[in-house]
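Before any questions on how it binds or moves, here is one chain, the form predicted on its own, in structure tokens.
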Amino acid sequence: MRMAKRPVRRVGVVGMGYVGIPSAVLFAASGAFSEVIGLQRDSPSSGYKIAMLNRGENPLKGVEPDLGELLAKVVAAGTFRCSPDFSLVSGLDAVTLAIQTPFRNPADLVPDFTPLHEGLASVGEHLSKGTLVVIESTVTPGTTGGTARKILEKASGLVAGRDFALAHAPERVMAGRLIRNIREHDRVVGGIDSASTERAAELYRTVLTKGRILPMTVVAAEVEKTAENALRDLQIAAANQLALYCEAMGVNFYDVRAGVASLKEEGVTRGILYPGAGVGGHCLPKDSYHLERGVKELGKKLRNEHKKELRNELGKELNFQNDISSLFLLARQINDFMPKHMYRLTLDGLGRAGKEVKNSRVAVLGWAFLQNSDDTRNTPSEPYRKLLKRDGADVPVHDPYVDQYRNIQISHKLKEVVFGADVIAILTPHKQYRRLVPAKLKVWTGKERPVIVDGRNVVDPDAFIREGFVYKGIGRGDRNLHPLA
């Protein structure tokens, strides 16, 4: 029986983070809905957001164009509010969920879906007939129509596709451009049936300005998002690998990159990205694992469903050589290696300055994984700092946007962090670090031959070398063995 179409007037967004907040604000500002409710658990780590959002204050501290202004506007207009009360779901016509889906141990390909499952159960307990439920979280292919559907049906006593609509519409945003991304990026939408796809498409059309709706099956939508990030991770890994090669051969990666990128004609694509100190954030460090897990889980399911048709087949999960590693997982290993390479450059720089890492002071500039943002999820700065701490170094941290991170003290005072430093290591390309003055930094360090390690190519090597610094930079084989001033 086809589910009766229900107009969407009230929308709920579960999870007030980098995806949920801008999504809720744009829904509320669209004029298409009478009310939008942000649903956020009142937890010790995130509960503070509820009061801030209800005052019209943006809890995200990075540079986010238009978000603060839009948030204040919709709160003042009464079209948006935030609440920890999930019973409000009973009065909503549509609910979206943007909850993190990390891996505790990527080696076993088992994601930690606990927060998502809890969110789905909370929604399901109060779900009413005719409601549209959309999962925006990146998930292993097969999750929406599998585990997620079962949790919602068990908690609600309703049947997906008959009593409520269910779809996957993966988020495609990056900190620093959240509002623009949601408005302008094409939106992939896949429902468990055509009616669910259609209803989800109608929901997201209300916030699109340039972007299009790309409808597909629910599994195709899940694969699209994981593949999108796995491919980007692969591109970054290629740049990182080439940067390591350039260092080994004594050439400038950025010269090579400019040449490669310059070849442009019909049918020729030279999409080459940039290397760096590591890949952080919530998405790229894990989505290749979701894709890899989807191949294993869905492949097994398909074989079980088609045993008769496949009885003459080889029966492998993947028609590929067993002795060749997954290209996507190899890319992950390369990108995970880059903080270790930063550590090696730091040791080499200290060695050229006649020092050892033990008892040295290494000033880390940048704790967020992304420039001009306060997003610290999976930051490459953390493994880099751990390696240095393990070897007895003092490692103070500066970041202009990050206030706190677990038990690590983050300072907003650059002079305080750099004071007495043997090494200054740049791990995040914040705009503030592009204006560093070598002479001033050297005075602050008080060292005759301080070391600068540039993990993001944000400083002019020659300016620091002239000032007496030992320079080390990712991809800068042309400068890493420079004559000492």
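Given the structure is predicted, the values throughout are model-derived calculations rather than measurements. Counting begins at 1, following the sequence as shown.
The same protein also exists as the form predicted in complex with a small molecule; that form is not shown, yet it is the one meant from here on.
- The small molecule is not shown here, and in the model of the complex it never comes within 4.5 Å of any heavy atom of Gly190.
- When contacts are judged by a 4.5 Å heavy atom cut-off, Gly366 does not count as touching the small molecule in the model of the complex.
- Using a 4.5 angstroms limit between non-hydrogen atoms, Pro339 is distant from the small molecule in the model of the complex.
- Mapping the unseen interface onto this chain, Val251 falls outside it, with no heavy atom inside 4.5 Å of the small molecule in the model of the complex.
- For the three marked residues, Lys225, Asn229 and Arg456, a heavy atom of each sits within 4.5 Å of the small molecule in the model of the complex.
- Contact annotation: the small molecule lies within 4.5 Å of heavy atoms from the stretch 367-375 in the model of the complex, the single such stretch among 367-375, 391-399, 354-362, 139-147.
- In summary, among the residues Ala201, Ala220, Val173, Val207, the only one with a non-hydrogen atom within 4.5 Å of the small molecule in the model of the complex is Val173.
- Checking Phe328, Phe103, Phe86, Tyr274 against the small molecule in the model of the complex, a heavy atom within 4.5 Å turns up for just one residue: Tyr274.
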